[in-house]
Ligand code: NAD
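Take a look at this single chain, the form predicted alone, given in structure tokens.
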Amino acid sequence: MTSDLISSKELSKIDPVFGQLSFDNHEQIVFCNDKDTGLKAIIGIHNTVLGPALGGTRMWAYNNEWEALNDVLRLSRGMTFKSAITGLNLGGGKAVIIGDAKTQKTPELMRKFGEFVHSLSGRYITAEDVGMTTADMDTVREVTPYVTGISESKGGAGNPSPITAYGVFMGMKAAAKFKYGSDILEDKSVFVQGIGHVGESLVEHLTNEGANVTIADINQERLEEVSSKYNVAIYKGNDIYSESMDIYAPCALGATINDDTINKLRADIIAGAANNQLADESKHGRMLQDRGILYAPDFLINAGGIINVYAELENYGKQEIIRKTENIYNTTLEIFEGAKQNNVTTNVSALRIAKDRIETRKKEQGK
């Protein structure tokens, strides 16, 4: 039998989709395969009560398909609450393509992926994420209108990364206001982990305000480039979580706040761009609260990107994009105050607001 050949640990990773720990009553999971282009992708549609599911496509060399499925389930759920709490009429969706974006991505593969997106007739609208570029979205646009984040020259809102970073910066300033009584980040020590497009833009905002920035990334060449450009320090230690800092800004992949890192973390505030920063929302949210570490919920403060691409659907301009993104500051403060008054974690406080908006819409629709 198959079980004779597969360990119990491996079996736990091939449970049916509905048995995955990250499954949260998702409406639809689409598995996409194309032999000719080598495309292997998963599209996750979590919730469409507020509108079509919008969320980026991530291309990553996952260790196995279970990891890819777990990622798309967690990310699509996060998009639901991100749109809800930001006041956008969108649902939550996400897609992952299994593969190395540097060596396996081709225009043919992207067009084939676009065909799968198109087959969903607008229930899912894609955009760029890790491993993707605006040019890739332009390629997808050749076969489907259900894509955002295309080039400004083609009528799109362009690269969402700078706006995402600006929203994180606004959320970080709100956290400083709540924690320290002032939102001025001058002389605050900030460790930015992950120097991709968003991470670099965040570094620019922080250095412009006079923060003491230290950067970390697995790409040494990238570190040296950003360090030289903004005159910031490169982290050269072995355990960033044990370093003394005012603000920890995770801007790479998720789940860096976990059993191994929380008790070591020496920061007052966590405010970064990465999705799903808490490995276990409930448990790790409480642990941070108990330790007095203020957590700015990621699905709120990294919403600038979706605000940017939503502009393509609603036809509003840069000025309105900036206004909506700056409002992340006010919403973040509202969530912190709600958490304090109700003695709940900041993550629970944020989720309540998002879920209430979804439930209100369901009632309006008579569902």
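Counting begins at 1, following the sequence as shown. Note that the coordinates shown come from a computational prediction; the quantities given were computed from them, not determined experimentally.
The same protein also exists as the form predicted together with this ligand; that form is not shown, yet it is the one meant from here on.
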**Non-hydrogen atom contact Asp138 with this ligand in the model of the complex at 4.5 angstroms** = no
**Asked** Heavy atoms within 4.5 Å of this ligand in the model of the complex: does Lys112 have any?
**Response** no
**Asked** Should Asp129 be classed as touching this ligand in the model of the complex when contacts are defined as heavy atoms within 4.5 Å?
**Response** yes
**Request:** Answer yes if any heavy atom of Ile195 is within 4.5 Å of a heavy atom of this ligand in the model of the complex; otherwise answer no.
**Result:** yes
**Prompt:** Would this ligand in the model of the complex be within 4.5 angstroms of a non-hydrogen atom of every residue among Lys173, Ala271 and Thr346?
**Reply:** no
**Message:** To test your reading of this chain, name the stretch in 117-125, 229-237, 154-162, 141-149 whose heavy atoms come within 4.5 Å of this ligand in the model of the complex.
**Reply:** 154-162
**Complete:** The one option of Leu185, Val213, Ile257, Cys251 with any heavy atom within 4.5 Å of this ligand in the model of the complex is Cys251
**Proximity to this ligand in the model of the complex, single hit among Asn219, Thr207, Asn89, Gln104 (heavy atom within 4.5 Å)** = Asn219
**Request:** For the stretch 290-320, return the residues whose heavy atoms include at least one within 4.5 Å of this ligand in the model of the complex, in the order they occur.
**Result:** Asn302, Gly305
